[in-house]
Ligand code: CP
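Single chain ahead, written as structure tokens, the form predicted on its own.
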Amino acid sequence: MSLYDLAGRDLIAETDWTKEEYDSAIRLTDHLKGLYYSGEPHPYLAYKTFAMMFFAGSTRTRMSFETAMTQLGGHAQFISPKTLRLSLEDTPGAGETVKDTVKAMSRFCDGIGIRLLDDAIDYYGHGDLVMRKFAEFGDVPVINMASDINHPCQSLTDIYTIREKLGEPKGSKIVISWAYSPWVRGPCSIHGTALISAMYGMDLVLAHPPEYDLDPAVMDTCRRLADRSGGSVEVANDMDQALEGAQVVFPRNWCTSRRYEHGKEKELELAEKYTDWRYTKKRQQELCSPGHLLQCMPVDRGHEADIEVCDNELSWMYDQAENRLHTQKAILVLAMGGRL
């Protein structure tokens, strides 16, 4: 396929692009990262604008996208929806509709990024629905900067980091484990890393207490992708059993499917039953092979993972964070029709 086949394409769910298309993005990421470290200018998106709508806050997402557009010769425009007249309800008197907002935005910019999840939504699936409405009515590509269901920019970064560190991902064992934290967070990063790991033929184990089952539709897709790629998908309710022989471990808290029904207090009460679900130094040393830490951050140090695990030589956290810059540059160039 040509690199230009992705021009104008949305990226909302991991499955919006094929493995072959992600392979192209990975090759382009290698090229862009090389230019970054050699100090060579690469204004592939000169005079183009990427509008970033942040319904939910961020650290790495905003900084990496803004830096990416600057290095590509374009401009990233930060937009707080609170400063707009936009309403997510399509009813008279509520405010400007998504359709009218995105139709106007499409005249001003070359791509739109949206971050909408967790406390910024009213129910599971709400963020994804809004993004798809933007994509339906917009005339420029829509990039998911994190929704309640998917996080494709982080997912590409994760598989890129695994490939960079281990070589061919296929056949490597990755354990994505629920981990205790008093933070109540959505599952988008978990879904995304599970989907991309299955797509690339990894032996995926999802470990969690019984109450923390993931979206059945996402799990079905993971199994289909694994069947196609030669990978495998397993679910375990015992963390120690799951970690046996793990090459890569992603410990992360996520909420139950009832989070928007019974509220955050109930989520916190349930999590307190499982405070032993932590990625500890002891577990890493005694169970894993070797158990490299993959963590999209922010990480709850001392809860999700021991401080020693975050900071030892097996931790990939900061290299992974940096790779958000390089992979997102590739996504932007491909989706926004950059000229190489």
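Just so we're clear, the structure is a prediction, and the values are computed from it rather than from any experiment. We number the residues from 1 along the sequence you see.
Beyond what is shown, the protein has a form predicted together with the ligand; the following relates to that form.
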Candidate stretches 40 to 48, 276 to 284, 23 to 31, 59 to 67, one within 4.5 Å of the ligand in the model of the complex by heavy atom: 59 to 67
Proximity of residue 157 to the ligand in the model of the complex, heavy atoms at 4.5 Å: no
Contact test in the model of the complex: residue 326 vs the ligand, heavy atoms, 4.5 Å: no
Exercise: residue 290 in contact with the ligand in the model of the complex, heavy atom 4.5 Å: no
Residue 302 within 4.5 Å of the ligand in the model of the complex, heavy atoms: no
Heavy atom contacts to the ligand in the model of the complex at 4.5 Å, residues of 292 to 325 in sequence order: 296, 297, 298, 324
